[in-house]
Each structure stands twice: as C-alpha cells, then as structure tokens.
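First, one chain by itself in structure tokens, the form predicted on its own.
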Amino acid sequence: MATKPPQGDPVQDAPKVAERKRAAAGLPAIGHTLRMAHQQMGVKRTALTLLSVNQKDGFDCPGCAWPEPEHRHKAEFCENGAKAVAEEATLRRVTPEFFAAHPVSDLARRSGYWLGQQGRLTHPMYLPEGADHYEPVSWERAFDIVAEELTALSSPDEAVFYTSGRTSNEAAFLYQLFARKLGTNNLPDCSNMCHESSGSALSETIGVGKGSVLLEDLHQADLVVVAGQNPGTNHPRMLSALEKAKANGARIVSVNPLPEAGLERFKNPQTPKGLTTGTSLTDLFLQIRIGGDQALFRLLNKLILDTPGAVDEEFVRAHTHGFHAFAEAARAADWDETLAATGLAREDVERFLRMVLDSERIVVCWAMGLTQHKHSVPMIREIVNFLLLRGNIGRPGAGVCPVRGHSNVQGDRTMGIFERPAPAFLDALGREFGFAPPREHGYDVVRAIRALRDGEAKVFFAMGGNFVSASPDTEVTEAAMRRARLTVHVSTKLNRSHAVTGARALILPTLGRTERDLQAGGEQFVTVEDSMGMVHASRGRLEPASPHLLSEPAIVCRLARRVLGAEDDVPWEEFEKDYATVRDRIARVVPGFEDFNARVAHPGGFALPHAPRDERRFPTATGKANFTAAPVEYPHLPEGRLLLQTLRSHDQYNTTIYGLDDRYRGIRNGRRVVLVNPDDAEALQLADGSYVDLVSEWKDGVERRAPGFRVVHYPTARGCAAAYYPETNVLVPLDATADVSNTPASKSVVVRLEQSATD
C-alpha cells in the first residue's frame, strides 16, 4: 500500500534553533535513516532495497559519487544515500489524477519539498499551449510533439539538451550522439554549475580534468587537506575513508568558513567505537574567510620555497614547466595581505606549514566551496602548484581530489556530455558512426539561459535534474524558460522545473536506479563512473513504479528514431534492446573503455587510466605539469555588507529536499535561515531570531531580494554568512561567474541584510 505524502505544504520560514552538533553519524543517523526510509518505503521494502545499495551485484546509490571500497559492508550506504534511495523507491505515486486536481498555477506556488514528497511519476504528461493542466499522453504522441518542435527550428542550435549527473554512461553516450546527429553541441550539464572550475584548472595544469587519486591513496596519505567541503552532509561515506586514513597515521587539516560536525568527530555507525565515542578527525581547523583559499596556498608556496630542501627539485626539473615564473610570483606573497584575505592567525598558518613539511604524501580534497567563485580556477591552480612543489602528484598516497557531488556526473562528461568537446572525441565519434559531428562550441548552463532569455533557443530538453531550481538568478532563469516553445523533462519525481514551462511542456517518466530494466534483449544493467574514475555496473532490483515508465536509453533511442527518421543508419532499435551493444560502441570511441563489456563484468568494475597518476605523464600543451602564476584574488567587502555562501542543509541533496531539518547545525523545521557570526550581527544590530531580507549587490545595479530569513547567530568566519539553496539562488546574478569555467559564483555573493517586513 502506498504511503501518504504530506497533505499541506509545510511552513518553512519559522525554524527552531538549537545548539549545533559537534559529531556526525552515530545512533541518531541510524534512527533518522530508518524513520525516513520507513515513511517512504515501508519496512520490508526498506530492508530489501538498502541491502542492495552500492553492492557489487546491486545498484549504485543515486546520491553522491563517492567510490566504494573493495571490501564492502553489508550496509554500504550513508544516511543521505539512504534518503536518496527512499525518495526514489517510495511507494507514493503522482498519477494523472494528481495533475487533474492540481493545475500548473497551483504547482508553481508549492515548495520544492512538497513537490518532491508527492512521489513517483507514473505516466507521460503533456501541457498543451494555453492550458493550465498537464494531461496524460501516449509515448508515441510525446515523441511526435518533440519532433514537431525540433524539426520546426531554424537551426539545431536553437535546441538545448541538458543532463543531470544521475544519467548512466549508456544513456549519456546515446544522448550526446543524438544531439550531435541532430547537429548541435548544446549539451550543458550540472558540471557547469559545480566542478567545471576543477576541470578547467586541472586540464591546464596536469592535462586531465579529473582527480588523480584512488580511494587507497587517501588511506595511504600522511596529510589530507579538506578545503571548501562538508563531507558529513554532502559525502558522508568519505568520513569512513578519513577515519581509516587517521588510523593509518594521517593528519587532517580542514579549511572552511564554517565548522562542520563530520570533520570534528565521526561516529561510524558500523563499529562499536563509532556508536560510542567516535573518532576525532580534524587535527587543524583553519576557519578561512570565504574566497581566501588562493591567498592561503600562495603564501604556503612561498614558505615552502623559502625552506631549504622542501622542494622536490628532481620532480620539478623532470616533470614540470613554468616553475621560475611561478616562484617569482609566489615569493612576492605578503603575510599581512594573506592574513587579511584569509582571516587566519599567523600561528595557524605556520602550524599548517609544519604539518606540510613533515608529510611526504599529501592529498588535497575540495568541493564547491572552492569551485564557485570568480577566481575559482586560479585558486585550484594554486593548489596544484602546492602539490607539484613537493612531488605530490603521481605518487601513491598523494594527489588532487575534487569530490564530485552527484553519482555519474563525471561519467557523463567522459561519455561526451560537454558543450566544448575535444576534437579527438568528435573525430572518433564521427568515424564510428559515419557522420561529421558539429565542431562549433555549444551552450553551457549560463549561456543556455541567456539564449532562452534572448529567444535564441526555443526547445529545452532535460535528461534528469531540476534545472530551474539548480540554476542561478532564479527570476531570470524562470522568465527564460517561459520563453521557450517547448520544455521537456525526463524525470522520476515532480520538481519545480515542471511548473515553470515553455508554451508547451512534457514530463517523461523514467526508471530509477533502484528498478529492474527489462528490454527486448532481456534484463539490462547500466554503468557509472565514480569521483575517482572507477567504472562499475548498476543493476536495479525493484519492480518499476509504473508499467508506463521507459528507461533513459529507451527514451533517447525512440526519440532519435522519431526525429532523425528511418534513413538514419545508427542502430537505435538495437541499442534499446541490448545495452551491451552501446558499450561496444563506447569501447571504440572513448579511450580507456577498451573491452568494456568484459571488464565491467568483473565485480567492482575497473579503473580508467590516468596518465599523471599512473605514469607521471602530463598530457598538457607543454607535455609537462604546468606551474601557474595568476595574481592573487579574494573578495573585498564594502562597509556594512557580508559575503554570503549558499549551501545545503543536512536533509537535502542538491535541490532535492528530504526534510526541513539541518540536524548538525541545530536548525529544525525550517529552511529560511541565514547564519551570521555573532560579532558581525552585533555590529549590524541584528538580534538572534530577528528576520531580514537578503539583498545581493552586484555591478549591474539590479536588486535581487530573498525575503524573510531568520537570523541565526553562528560561528561562521567574520564577514561571512551562509544560507541554503535553492532559496538563495535568486541572489546569484546570471553573469556573476568564474573566469574561464563560467561557473556561477554562488559561494561569494555580496549581500546586505535589511529588516524584514515580516519581522
């Protein structure tokens, strides 16, 4: 029997606040996991489903992209992974009757939390032009509608094909093939909004836009630096890896504007010690001001250069380029400027330096706290400089570790989901399928929104995700989407994007990771790539939520046959029947996937090659790892303003809201809070519990306002504040992006806090 979704839309702007936690996981995590899973799935389904998560013969968690260890626990999942599974395997259903009862105008007024709690989509739904209700539609008619709009375009470049990170390798490869057969490289994806800065910086400096470490490297490290990242909420299984590193003798430095419970103490729920005392993880907490990381690492590099014997001169000489220009810039680093930029004390920086000099093997991990600033790319380049100086790339237990936030977001990019594809990839794709792929670069996320806003794009097709809520400058994004002729969303659940539509709209319901995928060729599996370049199989076990669902590969194949016509010689029907035939083609197009079907049959999968890690070979323009010497940048605040970072609550995964609590930060039953340092609050005369409007300030002079946020006095870095997205995405200007990567600068928004009219 289906569980009941909430009947009313819960109030989210009257939160309760308690003391923040100083430890993560433990018994509370177990209780919270079981409670939420039971609410969504019931007792029997909970047990059957959770015991298959991340197992070698099971399905990949639809949450984060953290890799699985070789030897796995029977409960190889975290609290937030269990929430992601429960949301997908829920017994709640969104049927045609639901849409008959709820017009789009009503859905548009609902919160993202309420929409997501309604359950799984069961039928293809169509919103005709001028209508206010979605109505059921056959799959054949749905594909006809998409074909009508695509064939009516003046150019294929008037279509945008977006991809979220949960799409499988097989679906992603087929999707980009269809778009390029149609004639466009307009393939923006969620990487454009999160780790694009990492890829840009790493491609230039080491020649591969991915991390250089495997899971065992963390276990072998002498020092692990975790910068701009909250593993306790965003990648909880990373805490187990850090715990193992600590047990092996590693020390951990946390660099973050906020203290995070998981990095303070981890209570591993899978061990007796974890259920009692836990493990203290962080040896040194550097509470840095938002955006000060480049300045910190630049000064560290100067201090390393000034320390006799600290530089790995043999590595630098044999494997790097640009050292002298970098060293000249680094030696100009200034203590006073660095301390002003970072807000750190001199003794803390000196302690960090001693830990670095005492460590032979260093891993630096980071996430969106580093990637979403104007100067994110030079910031990450400076981290690469830091590692290169002591030979910490291409050595066991050392390297760069950008932690991807969504399962298979890295795999999608490997499969060709990229608006700026490499010529070699297009050459291989063209040879394999006998056509000339388009060469002109397409739209990334920000450019796609501009194109829709300006009428240069008319069809928006999303393979998963919640584009409207995930994107910056909410009002601009929503207006842009409403200018489209057609918006299409391949989805498992209802979200805000389904209520912000073009003239016509389609919702195409698809299988989830948890569900069996039975095609004409038999039961299928798909593959994913984790954050460390491991590729493995994923096999759903549950019966589909509805007999009317299609898999993502099937949706792409049927759409391609309808749009491209019978004369197209790509064997779409064969691909739909048997995904092994897709993997055979991937093996001939994408380097590292040779003999794909045989290798992925191995339990646990296989590691993709990584030249810097495997061979200390750097496939850059110079043939070596590149030192860089960009000017140091950091945000400068006007008087009376704060620098806001957007972040997730603990009951949240990206734009999916599981609940209204942020247990570790002491926030309960609400989301409209702004965390402010008590000293800043006193200077601004903001009492704890008062209500303010957040108003962002940017050079375009446009006022962007997020009203009705409760002030919470919280130990943030001075001058810095934090609030949850997507509620605060409205404050991020569309054109406020990172240099080079064009990633929205969501972690450094200058705001003023005005007393709210609701206070």
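Source: prediction; values computed, not measured. Numbers follow the displayed sequence, beginning with 1.
One more form of this protein exists, namely the form predicted together with a small molecule; it is left out here, but the text below deals with it.
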Requested in this report: Can you check 200-208, 233-241, 685-693, 356-364 and let me know which stretch has heavy atoms within 4.5 Å of the small molecule in the predicted complex?
Outcome: 233-241
Query raised in the report: If you check in the predicted complex, is T737 within 4.5 Å of the small molecule, heavy atoms only?
Result: no
Query raised in the report: Wondering, does Q372 line up within 4.5 Å of the small molecule in the predicted complex on heavy atoms?
Result: yes
**Report entry** S491 within 4.5 Å of the small molecule in the predicted complex, heavy atoms
**Finding:** yes
Query raised in the report: Quick one: is M41 in contact with the small molecule in the predicted complex, heavy atoms, 4.5 Å cut-off?
Result: no
Query raised in the report: Has each of N80, N256 and T655 got a heavy atom lying within 4.5 angstroms of the small molecule in the predicted complex?
Result: yes
Requested in this report: Work out which of T477, S164, T90, N392 lies within 4.5 Å of the small molecule in the predicted complex, going by heavy atoms.
Outcome: S164
Requested in this report: Note which of C194, A625, V582, V384 lies within 4.5 Å of the small molecule in the predicted complex, where distance is taken over heavy atoms; exactly one does.
Outcome: C194
